[in-house]
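One chain is shown next in structure tokens, namely the form predicted on its own.
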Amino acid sequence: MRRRNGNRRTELVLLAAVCAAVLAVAYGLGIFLPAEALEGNFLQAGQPPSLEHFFGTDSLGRDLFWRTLKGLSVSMAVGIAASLVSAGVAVLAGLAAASGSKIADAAVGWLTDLVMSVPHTVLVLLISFALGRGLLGLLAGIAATHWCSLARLVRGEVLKLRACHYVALSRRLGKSGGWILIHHLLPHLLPQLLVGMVLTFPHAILHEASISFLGYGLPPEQPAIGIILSESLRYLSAGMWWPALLPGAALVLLVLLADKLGSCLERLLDPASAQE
């Protein structure tokens, strides 16, 4: 049984490493992609997928494979930034709710219920439009809608940890709240925050793509996946299926890899899973 558990955890580690490596390679290729690869050539406009152009070309003769890689890197950058901001907001909200103040707990609970009662896409649209669209509005909208579940998790964990004997003993020994936070609370919260950020990452990517697709996210000149898919709708009736299908499939694959990475990390960092 112990050997079987070890093999299962080894498989999870390998699967997580493969997912992380694929995501890192896709991000690196998109970030360091030369500008010449994104330039158009009207003589090659509208070409279907081939060995020369794996995803074909668009109506301006731009290689869709390289545009898709660049768009995925942009989506990943937005997802990473939004996940980090969401995790920071979740930690502050969860700690405030579990601080012992009934007013703070009620206020955070009311705000959490309010945000979760509105569909995320609608709320991201409203925030992005109110901030003038663009990258700042998109980041603010995604970060403002993805902290609620993690904040509730942080609140529950902090309340559970505050009831532990070693935390009560530290208080009796005169340790400050900051010392208890750093030495007792954060070490227990960091693994769950890491998993929460990774699981938030694919949701942020999908919301970035959907908002950009609707025209309220990144500017049209930015090679983002949502913009590529939005542009492809104009040419579907002309038989150009590849600008919509292949970048969309790449986006779905990226989201599945990120979600699988988060699931593997969740099982690896969960102490109970070591005995499964």
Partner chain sequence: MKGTVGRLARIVAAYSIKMVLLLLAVSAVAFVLVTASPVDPVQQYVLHMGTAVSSEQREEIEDYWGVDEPPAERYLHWLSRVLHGDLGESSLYRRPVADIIGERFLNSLALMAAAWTLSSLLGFGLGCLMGRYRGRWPDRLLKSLCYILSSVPAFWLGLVLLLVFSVWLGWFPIGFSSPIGALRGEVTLGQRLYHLALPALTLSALSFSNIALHTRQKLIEVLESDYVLFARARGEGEWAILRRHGLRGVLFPALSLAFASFSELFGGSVLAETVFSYPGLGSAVAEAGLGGDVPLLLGITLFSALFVCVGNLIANLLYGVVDPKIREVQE
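The model shown is predicted, which means the values in this text are computed figures rather than measured ones. Residue numbers count along the first chain shown, from 1.
Separately, the form predicted in complex with its partner chain exists; it is not shown, and the next lines address it.
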- Counting only heavy atoms and a 4.5 Å cut-off, does its partner chain in the predicted complex sit next to every one of 179, 183 and 185? no
- Item | in the predicted complex, the one of 106, 126, 167, 77 near its partner chain [non-hydrogen atom within 4.5 angstroms] | 126
- Task: Let me know the one among 256, 268, 14, 20 whose heavy atoms come within 4.5 Å of its partner chain in the predicted complex, would you?
- Result: 256
- Indicate whether residue 54 is a 4.5 Å heavy atom neighbour of its partner chain in the predicted complex. no
- Query: With the partner left out of view, is residue 100 within 4.5 angstroms of its partner chain in the predicted complex by any non-hydrogen atom?
  - Reply: no
- Task: Consider residue 24 of the chain shown here, and say whether it contacts its partner chain in the predicted complex, taking contact as heavy atoms within 4.5 Å.
- Result: no
- Message: Does any part of residue 206 reach within 4.5 Å of its partner chain in the predicted complex? Heavy atoms only, please.
- Response: yes
- Quick one: which of 116-124, 191-199, 157-165, 81-89 gets within 4.5 Å of its partner chain in the predicted complex, going by heavy atoms? 116-124
- Query: Which residues in 187-225 have a heavy atom within 4.5 Å of its partner chain in the predicted complex?
  - Reply: 206, 209, 210, 213, 214, 215, 216
